[in-house]
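Only one chain is given next, in structure tokens, and it is the form predicted alone.
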Amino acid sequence: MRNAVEIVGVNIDNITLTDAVIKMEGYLDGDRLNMIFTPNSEILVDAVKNIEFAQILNSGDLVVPDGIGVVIASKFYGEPFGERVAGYDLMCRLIELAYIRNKSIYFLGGREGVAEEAAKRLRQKYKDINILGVHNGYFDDEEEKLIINDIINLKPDIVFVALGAPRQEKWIFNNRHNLPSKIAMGVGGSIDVVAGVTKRAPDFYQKAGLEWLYRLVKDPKRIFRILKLPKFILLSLYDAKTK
């Protein structure tokens, strides 16, 4: 039975990283597409304002709490999450699974050359990892049809979609009946980290739940995105108290 907490209208799985990996193993043995979403505070604020986006997140087969704000909010509802499940960590574990079990991967998204660099680095780290194809995140409707046909022909087991929220979640949802894969996961900027374009916060920031602060220091222009964190805390506190 699925153990989830409804936070500002979105069901978030109360799950550990280890148990999430076990679920993904099961998905890879299955015969249908499973959608994995990794909402943080910023994404959930957007979902409050966009009911269609909230419904898409609620259609996910695995929806993990990616962000310290979401973990804090779970306490307001009396069902605290055991841990934060970072999207980047989940992506890395899924890549390891793909390598160990010889499952195939397709990368969609990122700036020009980023997906190629991510694939290159992974091939250096995991000899013979099966990456079937890549494509950047800049495409029009006509090119999108070619991308989907490419994925249909290649039949990758896993599609990592790095188009940014909510575009990546909407893309996965809208194409869920077209993708011949076992898993489609929205990974946002995680592909940049895999490609070495950006660096992840040091362990201290991760363990202290301060990755947002590290990102802000590195990129002060993120301030408007970071300001959604206190807004989300207030929204979730009000929502929890009025249930």
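These figures come from a predicted structure and were not determined experimentally. Heads up: residue numbers just count along the shown sequence, starting at 1.
Omitted from view is the form predicted in complex with ligand UDP, to which the following refers.
Note to self: Only one of 71-79, 145-153, 91-99, 105-113 has heavy atoms within 4.5 Å of ligand UDP in the model of the complex; I'd like to know which.
What the structure shows: Heavy atoms within 4.5 Å of ligand UDP in the model of the complex occur in 105-113.
Note to self: Quick one: R121, Y126 and K182 and ligand UDP in the model of the complex, is every residue within 4.5 Å by at least one heavy atom?
What the structure shows: None of them does, since no heavy atom lies within 4.5 Å of the partner.
Next item on the list: Work out which of D192, D61, E211, D46 lies within 4.5 Å of ligand UDP in the model of the complex, going by heavy atoms.
Entry: It is D192.
Margin query: Is it the case that R200, even though its partner is missing from this view, gets within 4.5 Å of ligand UDP in the model of the complex, heavy atoms only?
Written below: R200: no, not in contact with ligand UDP in the model of the complex.
Margin query: Since only the chain is shown here, I'm wondering whether R222 would be in contact with ligand UDP in the model of the complex (any heavy atom pair within 4.5 Å).
Written below: Heavy-atom contact with ligand UDP at 4.5 Å: present for R222.
Check: Do A162 and ligand UDP share at least one heavy atom pair within 4.5 Å in the model of the complex?
Finding: So A162 counts as contacting ligand UDP.
Margin query: Residue-level question: is G133 within 4.5 Å of ligand UDP in the model of the complex, judged on heavy atoms?
Written below: No, G133 sits far enough from ligand UDP in the model of the complex that none of its heavy atoms falls within 4.5 Å.
Notebook entry, point to check: Of 136-151, which residues get within 4.5 Å of ligand UDP in the model of the complex if you count heavy atoms?
Noted result: Heavy-atom contacts to ligand UDP in the model of the complex: G137, Y138.
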